[in-house]
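Consider the single chain below, provided in structure tokens and representing the form predicted on its own.
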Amino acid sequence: MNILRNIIGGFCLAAMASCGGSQDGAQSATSSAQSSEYPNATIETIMQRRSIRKYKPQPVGRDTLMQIAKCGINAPNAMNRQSWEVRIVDNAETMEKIKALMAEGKEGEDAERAKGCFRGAPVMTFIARDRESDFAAYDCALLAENMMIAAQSLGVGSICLGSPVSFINSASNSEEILQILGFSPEYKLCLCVGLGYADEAPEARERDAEKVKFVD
């Protein structure tokens, strides 16, 4: 059992190091996980991540955001084409400008939904896919998952969002918003990840393990 734990611990150290984490932090996380109900730090991080919809006003440092982004772009992707572009908005004025543009031309509840679709996250990551790649959407989803798991390991909350994509892509002023984000012309916005320090601790929602079947 000790040998198995050492192997798992070494794997966790290597994984966190590849995302820019420190060995001391990895060793601490691994030791903590071994004393919990989970067999290692990686599984503990995955199982404890929640979608956060309430955030503290505390800003997330750019060093931390860059570490999260680096974990994102180290996700597996088709033929290592890296068919994604990532734009991180952590400037409050820019966030408000984008929200105002999404709500432009809308009234009442529609305008409020557009303004509130970031779920209060102080940082928004916009992810675009290469229009010419058949697998880019899958690659972007893997990138987003890596970012959210990395964020959780660093004490940063996250939420994966599709509604901002719908609001932006369908807006009459879509080009103006995309110009702010600065994506290349051959890329299309496909996913958003909100980031920030959580101001809530929601319970896990039940998962249906019956959807997993072994095929003999």
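Quantities reported herein were computed from a predicted structural model and do not represent experimental measurements. In this text, residue numbers run from 1 along the sequence as written.
Beyond the structure shown, there is the form predicted in complex with a small molecule, which is absent from this document and is the topic of what follows.
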Q) Pick from Leu65, Leu191, Leu178, Leu154: which residue has any heavy atom within 4.5 angstroms of the small molecule in the predicted bound form? A) Leu191
Q.
My question is simply whether Ile159 lines the interface with the small molecule in the predicted bound form - judged by any non-hydrogen atom within 4.5 Å.
A. yes
(Q) Using a 4.5 angstroms cut-off on non-hydrogen atoms, would Arg119 count as touching the small molecule in the predicted bound form? (A) yes
Q) Going by a heavy atom distance of 4.5 Å, is Ser51 a contact of the small molecule in the predicted bound form? A) yes
Q: Find out whether any non-hydrogen atom of Asn169 is located within 4.5 angstroms of the small molecule in the predicted bound form, and reply yes or no.
A: no
Q: Report the stretch among 66 to 74, 37 to 45, 179 to 187, 159 to 167 that approaches the small molecule in the predicted bound form to within 4.5 Å, counting heavy atoms only.
A: 159 to 167
